[in-house]
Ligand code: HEM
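Single chain ahead, by itself, as structure tokens, in the form predicted alone.
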């Protein structure tokens, strides 16, 4: 057997393991991505019937053509299969409840699940809600939440880092920005898990029933909050969503408003949790890196940016072609599923020198695609960056060392799209 055949077989085995949700392959899929990237800017996976866009420039090109490459199913084939399974289970629910669950599942067909011209309308109406000044207005509260959370963690004892810090802080910060009580933090986490449950994974019927119940509870809570803000606006994000208007656009419907909230909860807090987790793991695994950050706090932001590049919380979004298309020399038929693989583009040698290494001095650090690009660039990127920076700053300022517990299983989520640590056990000294 030739070396080339050996390489092809090894590649196919890795592909199979990725989509079979093999834990080892999910934890570090980047060598597989490199092999795809070396094959070309677009690789067709026949067994999955998807076209994988592997390179940075090609993904940016696709993102600039949202009409041809539709966002009607941005979370991929497994999400579509889950939608079918959920639709079957929803037949057992009252019609109104089923309709509400569909809205939450589909994120209200707003922003990253919408195409122009509706997507353009959504951005005009909602951009102001998460503008930089809105984040700056609660910056002191974000810092206080992070500082108190770190201060409250027991020292010199093994702790579940996700439970103690990485999960609650982003949720508390988002609750503060939205203007709702932090008493709902546990609900937010449960709702986020329900919203994201179908992404890149498989679900049993009983689990589907549970997430539908959670999704309906999510709708009821935010419908009441939005209607309250419509009657009596406050200085908070929910009021900005509830009263969003422009001179040229029709106002948002209730479904669109609740859908946007589902995106904030499902994507905003959750992806920040994943970023904080991987950043802390990197520090705990490398004492010299940790000391360098502790002695140079100005390096924390570029460090977080590098972790975003190296371990993107969303490995890639999907697009569906609305007509026959061609990328590079690959012809893609209408109706095809196209995977924009951010996790590959972020390690593209043509864009990033020594792409597998953390480099605080990287001049193009923010050229990564972990928040997308073009019209669909993440509207909550500023919030994610600010919360992560506050958490990491306080963690380093209040400790002498963050130590990784020995012999722990660093397993990741059971998904090839959503990328995050299931748990992380550390000791703070």
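Predicted model, so just to flag it, every value in this text is computed and none were measured. Positions refer to the first chain, counted from 1.
A second form of this protein, the form predicted in complex with protoporphyrin IX containing FE, is not displayed here; the remarks below concern that form.
Contact check for residue 271: a non-hydrogen atom falls within 4.5 Å of protoporphyrin IX containing FE in the model of the complex. A residue is said to contact a partner when one of its heavy atoms sits within 4.5 Å of a partner heavy atom; residue 112 meets this definition for protoporphyrin IX containing FE in the model of the complex. Heavy atoms of residue 51 never reach within 4.5 Å of protoporphyrin IX containing FE in the model of the complex, leaving it off the interface.
Looking at residue 375, you'd find a heavy atom of it within 4.5 angstroms of protoporphyrin IX containing FE in the model of the complex. Site annotation in the model of the complex: the residue of 338, 169, 314, 241 reaching within 4.5 Å of protoporphyrin IX containing FE with a heavy atom is 314. For the marked spot (123, 264 and 370), a heavy atom within 4.5 Å of protoporphyrin IX containing FE in the model of the complex is present in each of the three residues. Contact with protoporphyrin IX containing FE, judged by heavy atoms within 4.5 Å in the model of the complex, is confined among 395-403, 357-365, 32-40, 381-389 to 381-389. Contact annotation for 338-356: a single residue, 342, has a non-hydrogen atom within 4.5 angstroms of protoporphyrin IX containing FE in the model of the complex.
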